[in-house]
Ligand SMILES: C[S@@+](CC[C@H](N)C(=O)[O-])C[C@H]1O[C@@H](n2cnc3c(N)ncnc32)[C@H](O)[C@@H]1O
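Just the one chain here, laid out as structure tokens, in the form predicted alone.
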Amino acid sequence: MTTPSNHWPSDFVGRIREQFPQTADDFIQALDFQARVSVRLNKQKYRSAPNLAPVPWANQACFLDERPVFALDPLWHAGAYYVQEASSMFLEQAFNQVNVEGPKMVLDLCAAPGGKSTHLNSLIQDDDLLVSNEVIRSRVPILIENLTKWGHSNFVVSNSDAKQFGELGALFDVLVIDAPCSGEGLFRRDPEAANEWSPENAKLCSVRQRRILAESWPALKQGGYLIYSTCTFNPAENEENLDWLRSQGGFESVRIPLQDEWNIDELEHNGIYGYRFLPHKVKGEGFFISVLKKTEETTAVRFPKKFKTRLQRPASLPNGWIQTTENKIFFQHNDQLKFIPAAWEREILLLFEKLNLVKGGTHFGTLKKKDILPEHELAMLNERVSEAFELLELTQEDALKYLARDNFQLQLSGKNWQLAAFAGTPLGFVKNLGTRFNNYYPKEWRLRMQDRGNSGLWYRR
């Protein structure tokens, strides 16, 4: 056995040796090797099957042979796939244990930058609703951007604290808490995480996680499911926190079926089952996850007879832009045209009034005098009528220029709206003005990378 590295915090190494006495050397040595790069595909936008090693616990995911420059891939900007480390994709197996009748309301409490929320958006049904929340205001824009690019419309985004959700009452069928933690599982990806680690910081994380659990627990219905995860190996932030949760209410632990070749470590702590991803056993980063089913009795949420928030119905709507309009409520906010799922109107209005709901509805168009201008969210939307706008297929070079909002020439026909696209996947709108065109890609999302030489595409190798 070679001598393990000595550049990790000594208190961390000491605890790992106590926690995993038989395999500690292998564990610590594995931290010197990078985890494999992996991506999760959006089956609504990426329709071919790459000939790459699959992530075994996620249906639409694969490992890459090397890490490309994703910012130079137009399909990444289009939401055709999400770069996500493999261990955290085990959320799919945890979510598969959810057994709730009828449409579900799912809360992703600590959601930015959006890996788990986009994954949940692929896992839930079209008649479910995802509430994606991020308490740190500066992280909300990237969450909205990633969910918008993913192309679903059955989600809203809030910027609220866990306590505000608990005060709503038992509204949710599934509560996902990917809790902020000491980050031990990310040491090999982010050396700065190791520099910031200390026993005192890990203890503070555990205290904060317990507050989040206690304050959000009332938001979960009886028979609902809590999916709790962290990216740390620390028992005080994982199974011991869930054991402590017993003092807040009743639950039963749910086991997740495993396959031997996955090399996932199942643990049992006072009747609570948890699943650990250890660096010397799996290709992903360090990760912990557990599923609990709430058994205690809860009181149904009482909705007001009248909401203060009123959805103003628009005077007119464009024809043929959006599929299945009958299951949507269209409304106008100032000059913006939006819609929400009709089945969830009451719940969304409640969230508008009780939370800081920063995105409540799909903004598909904007009124300008007598015209309706299509918005970027419509370009990204999976429910857009494909025949509504002509696709303008771009080369990779021109697609990157479009995403950067650079000046370049295009051969356009007809003075109308068209969708710039790469490999058949829409990137955003252009408007042909005859002698020139306007680029409607969002300025705040534009590609800022100037060096575009290393632009190899992983799916064309």
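In this text the structure is predicted, and so the values were computed from the model without any measurement. From 1 onward, residues are counted along the sequence shown.
The same protein also exists as the form predicted together with the named molecule; that form is not shown, yet it is the one meant from here on.
K.L.:
Quick check on this chain: which one of R139, R346, K203, R246 has a heavy atom within 4.5 Å of the named molecule in the predicted bound form?
P.N.:
It is R139 that has a heavy atom within 4.5 Å of the partner.
K.L.:
Counting any non-hydrogen atom inside 4.5 Å, which residue from L337, L351, L75, C110 sits next to the named molecule in the predicted bound form?
P.N.:
So the residue touching the named molecule in the predicted bound form, by this definition, is C110.
K.L.:
Please name which of the stretches 111-119, 327-335, 93-101, 268-276 has residues with heavy atoms lying within 4.5 Å of the named molecule in the predicted bound form.
P.N.:
Answer to the contact question: 111-119.
K.L.:
So in the predicted bound form, does any heavy atom of V135 sit within 4.5 Å of the named molecule?
P.N.:
Contact check for V135: yes, within 4.5 Å of the named molecule in the predicted bound form.
K.L.:
Would you please decide whether R255 lies within 4.5 angstroms of the named molecule in the predicted bound form, comparing each non-hydrogen atom pair?
P.N.:
Because no heavy atom of R255 falls inside 4.5 Å of the named molecule in the predicted bound form, the answer is no.
K.L.:
So, in the predicted bound form, is R313 in contact with the named molecule at a 4.5 angstroms heavy atom limit?
P.N.:
Answer no; every heavy atom of R313 is more than 4.5 Å from the named molecule in the predicted bound form.
K.L.:
Taking the named molecule as it sits in the predicted bound form, is P180 in contact with it (heavy atom to heavy atom, 4.5 Å or less)?
P.N.:
Output for P180 is yes: heavy atoms within 4.5 Å of the named molecule.
K.L.:
From first to last in sequence, which residues of 184-217 have any non-hydrogen atom within 4.5 angstroms of the named molecule in the predicted bound form?
P.N.:
R208, R211, I212, in sequence order.
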